[in-house]
Every structure is written in structure tokens, then in C-alpha cells.
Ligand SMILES: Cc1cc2nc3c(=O)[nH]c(=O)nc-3n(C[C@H](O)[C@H](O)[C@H](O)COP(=O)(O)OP(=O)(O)OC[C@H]3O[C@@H](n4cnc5c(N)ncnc54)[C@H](O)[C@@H]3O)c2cc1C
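This document starts with one chain, in the form predicted on its own, laid out as C-alpha cells.
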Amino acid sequence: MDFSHAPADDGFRHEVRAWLAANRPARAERIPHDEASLAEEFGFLRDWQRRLHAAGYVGLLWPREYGGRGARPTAQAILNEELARARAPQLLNRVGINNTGPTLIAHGTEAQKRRYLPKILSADEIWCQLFSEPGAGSDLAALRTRAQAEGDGFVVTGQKVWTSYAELSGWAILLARTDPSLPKHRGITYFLLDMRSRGITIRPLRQATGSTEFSEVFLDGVRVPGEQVVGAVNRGWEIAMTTLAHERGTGFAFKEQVLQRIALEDAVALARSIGRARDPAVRQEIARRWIDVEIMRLMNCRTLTRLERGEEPGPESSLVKLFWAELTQRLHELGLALEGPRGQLAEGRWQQTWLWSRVASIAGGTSEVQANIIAQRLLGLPR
């Protein structure tokens, strides 16, 4: 790993820090607790992404011809660090920026890149991800949604689930089976789906937090034009691996680690405020979490080094995802435990973030799936 920084990197950090000091929203990002607060948060985050985009801070790594800055991965890592340190809100269009964009840059046609990429960065078009199904979450290749060739396009029928911002998104990346006679990892095609198409029904799923950020999506004879296929028909699985590698690897680089450090600092502040900072058991638990956060930082340095060499994230991104999920849950369990009996109340910072942290071991691939990928693809163990 290369830990060095060029003078230009330090200059960029100062530039970002100064811009955030002058432009960061007065309030922090909030976890929605009902439909009204979800819609309000959606509008708030969309406005924030547009402000960042106008300043040139969205899509740093993307080629200039598609609205990016063609920057080095280190610049993106610095930006993520500074956004987290400033406790600035996240970008709304995370699926578009982290998943759709890199996939189209790697596999899309020139027409697809020019049509979709700039509007992802500006938040003019918000994206969701239609991969998981009720019977194909952990085993995504078992998906049953069908796409039947018809004329110059396809007709899609099936069901997807756990789709973030489905009812508020204009577009989706979609996996559907186009040839059921092939082995399950073949015969899958990768589509770009207009969420305003006829035949789409969205049903929100209420979470333990009270929010309906996730939804199930029903596709009943939805027509998708042929020009919205990414890559070759029946070769969507390989393209989906690009999407998931970016979701689990570059999507976590640095910002999540800094957010975890902030959570740890908040837990330390809570321990001091309630007089438990000198409790040996509490100090030992805080020390464990500090070590974990440092490990996360080093794992992200390895990801950054790989990207700086021009390499795509590979199966090692599952290590990052698995460790991030477990650490996120442990940190919020620590905060909730420090609150003692008050932690049993329904409202509060630690109560909401603890409930949200439970999704960490499911979203982006369950922890069990990540462990299997690590075992088979990194350690060479048998299936």
C-alpha cells in the first residue's frame, strides 16, 4: 500500500474543506421515520447533491466527456473523508453514482454513456437497483424475473424486493432472465429500466425505524427497448459483478470508515457525559472498536492503492463489505448499551441508528454471501 500524498492532494483537501465550511447545510442528514419525512429527506438530499455537482465535487473519477473531472482515486478518497469529517449529508443518487455509472463506463455503449451519465451526477435522474427477489437475494443467480424478447425489445415480468427509493426513482438497473434453458449464471441480461413505464407497481415496505425507504416492485409485462440492454444479451451476470464490486468496494472507500470513527467519538463522548469513561469494561470495548476502525482504514488504503494502479475492485471487496457490516453493528450496539435503560425508548439518535445498522449485514449482499466469496475466490476453498 502507498500512504504517500502529493502536494496537489493536500491542496485539494484544503479546497474541499474550505468549500464545506462555507456551504455545508445547517442541519445534518436524518433517518426518515415515515412517508412524509422520507419525501422531505429526499428533497433535501437532492438539493445537496445539486450544490455539490455545481461545485464540481460529484463524479470526480468519471471521464470529463461524461460530466466528471477525470481525477485520480485519491481525490475521491479525500473528498469522501472531508464530507464525513464535516458531517455533511450523503449523496442522494448513491446507486447511480456508485453502481450504475461505473458499470456503464465499463460496459455501456457510447450512446448510453452520453444519455445517462451526466444526469446521474446532477441528480436530474435518480436511480434504484432491481436485483434482489423474494427467492433470490443471497443467491442472486436464482432470480426468476423473466424478460421475453418481443420485436425490437423485451417484455419483463416478475418481482423485485428491498429496492431503496423505488417510488422516488426515475430509472433502475435491472437483472432479468432471458434464457431459462442456460445454467443459472448464464441467460441473465442487464437492463436499464424507465421506472415510469406501464406495468410497474411499487409497494413500500415499512421498516423497524418506521421509514418506507425500501419497496417491493412488481413488473407486469413491462416493455424495455433493446437499446436499454447493457452489454450482450444473456451475459448480464458478468456485468452485474462489476456493479457489485463497486458497491462493496469503492462505494465504501474512506467515507464509511470516517463515519465509523465519528460514531466511535460520539460513543466516547456519551461515556464521558454519563460518568462511565473510566469503567474498565467500557474502556476495553471502546479500545476494541478503535482497533476495528483502524483496520477498516487500512483495508480502504488497500482498495485505494488498487484503484490508483488502474485495477478494478475484485473479490477482496467482499472483505471490506463484511468487515464494514459487522463493525457498523458493533459500534451502534456500544452506543445503545451505554444509554442503559434509556436505550429501550423508541426515539433517539442511538435507537434509530441501531435499528438502521441491522440492514448492514443484508444490503449489498448478505454477510453469509460475502463469507462464501472470501472462502472460494480469495482462499481457494471448495464450494
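Owing to the predicted nature of the structure, the values given are computational and were not obtained by experimental measurement. So that there is no doubt, residue numbering starts at 1 and follows the sequence shown.
Omitted here: the form predicted together with the named molecule. The next part is about that form.
- Residue contact check for residue 129: one or more of its heavy atoms lie within 4.5 Å of the named molecule in the model of the complex.
- Contact annotation: residue 10 falls outside 4.5 Å of the named molecule in the model of the complex, judged by heavy atom distances.
- Using a 4.5 angstroms limit between non-hydrogen atoms, residue 366 touches the named molecule in the model of the complex.
- In the model of the complex, the named molecule sits within 4.5 Å of a heavy atom of residue 137.
- This chain lacks the partner; the member of 191, 171, 154, 162 within 4.5 angstroms of the named molecule in the model of the complex by a non-hydrogen atom is 162.
- A single residue from the set 237, 290, 218, 214 has any heavy atom within 4.5 angstroms of the named molecule in the model of the complex; that residue is 214.
- Using a 4.5 Å cut-off to the named molecule in the model of the complex, not one of 78, 80 and 92 places a heavy atom inside that distance.
- In plain terms, the part of the chain that comes close to the named molecule in the model of the complex, with a heavy atom within 4.5 Å, is 137-145 out of 137-145, 196-204, 224-232, 279-287.
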